[in-house]
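To begin, one chain is listed below as structure tokens, in the form predicted on its own.
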Amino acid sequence: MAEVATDKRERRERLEDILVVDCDVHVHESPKELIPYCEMPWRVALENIKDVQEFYLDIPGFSPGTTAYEAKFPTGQEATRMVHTASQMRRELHEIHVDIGILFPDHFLKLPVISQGDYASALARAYNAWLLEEWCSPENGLLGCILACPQDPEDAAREIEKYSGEPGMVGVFLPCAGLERLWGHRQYDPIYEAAQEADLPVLMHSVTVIHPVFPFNTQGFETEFGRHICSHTFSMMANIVHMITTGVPVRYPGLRVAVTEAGISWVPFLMHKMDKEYIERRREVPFLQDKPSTYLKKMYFATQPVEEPENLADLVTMMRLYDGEENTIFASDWPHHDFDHPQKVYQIPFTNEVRRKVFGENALKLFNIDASGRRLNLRG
């Protein structure tokens, strides 16, 4: 269990001397970038919007955003910052002491809100091909996650099988924004089966949207302040509850599951709440072989956006409540404007042993890679 560094004689290791695996780094895909990788007729659709003005995570016909719902004012450059090349990404991650970066998309965080299933699948296929060719390189410390299109789980499973033998692909990204059916639904079983067979973890990542499905029916909020508080965290909670209450961890006992960009303060609450409900309603989930917290503690939880209490030792206590020493992983959300510099997590009063686990060692277990980013027991 996580402990505060109580021994005054223990010298805190320098951040520069610790292996840092950043489990949430964002590349920037665009219609123009994906045109060469997209098949017809959807390539024509990308050509039609390649010069459309782009807002932050918001391109009509590609990643519909809040532009249609509220006034649009100029923003500072920091709110629209992007990374366009692998060399730029490697240089910038080096500057913040990140050794290995796990790559997620920008715009396709919102892939589930695309209403045309065939188009969404074509975009996912194009993105995966582009990501592997332009970005992924274990030698460069940049590793990708295969984008699983929820609109077509069978096609997503084929994508996982296609890239399962690629050294640069180390996980499967499950987008969570605006899902019509949460990730516990049996329609997604082909994705889980393929991921388990490939020994690739699945990583859920959300983003703030306005969409008429729980928990993204956030149109009642007048501010992004309100929407952002609810969107990421509630989405993760809803999906985890659904996965456990439909038996995903039971059907796929070898599947590793991680959560990114939701912080960690909600994890103890969810664990205790689920266990309490299990005591009263376990007849509804007879397939569960143990209380829900047992399955939840086997999942991994990324730090970003890390909570910042006045007493940072409270975070150590919070992690202790869900045995977080073994399943908490570092994430920065680079290069988004609200990213967490590694120094923010470094300041938490962990022991050196726990700090090494959170910054890198737990991620090595999650992705089954070594400290140089090479996949262990690579299949395919």
Partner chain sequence: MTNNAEKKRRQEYVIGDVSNFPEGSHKVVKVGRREIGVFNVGGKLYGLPNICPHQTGPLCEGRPPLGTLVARGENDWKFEWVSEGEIVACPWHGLEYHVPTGRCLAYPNVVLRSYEVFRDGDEVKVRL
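All values derive from a computational prediction rather than experimental measurement. Residue numbers count along the first chain shown, from 1.
The same protein also has a form predicted in complex with the partner chain, omitted here; what follows describes it.
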Counting only non-hydrogen atoms, which stretch in 197-205, 177-185, 243-251, 164-172 is within 4.5 Å of the partner chain in the model of the complex? 243-251
Counting only non-hydrogen atoms and a 4.5 angstroms cut-off, does R91 reach the partner chain in the model of the complex? no
Given that the partner is absent here, does F287 sit within 4.5 Å of the partner chain in the model of the complex, heavy atoms only? yes
Would D275 count as a contact of the partner chain in the model of the complex, using a 4.5 angstroms cut-off between non-hydrogen atoms? yes
Within 4.5 Å, heavy atoms only: does E95 come near the partner chain in the model of the complex? no
Since exactly one of H228, R81, K291, K298 fits, which has a heavy atom within 4.5 Å of the partner chain in the model of the complex? K291
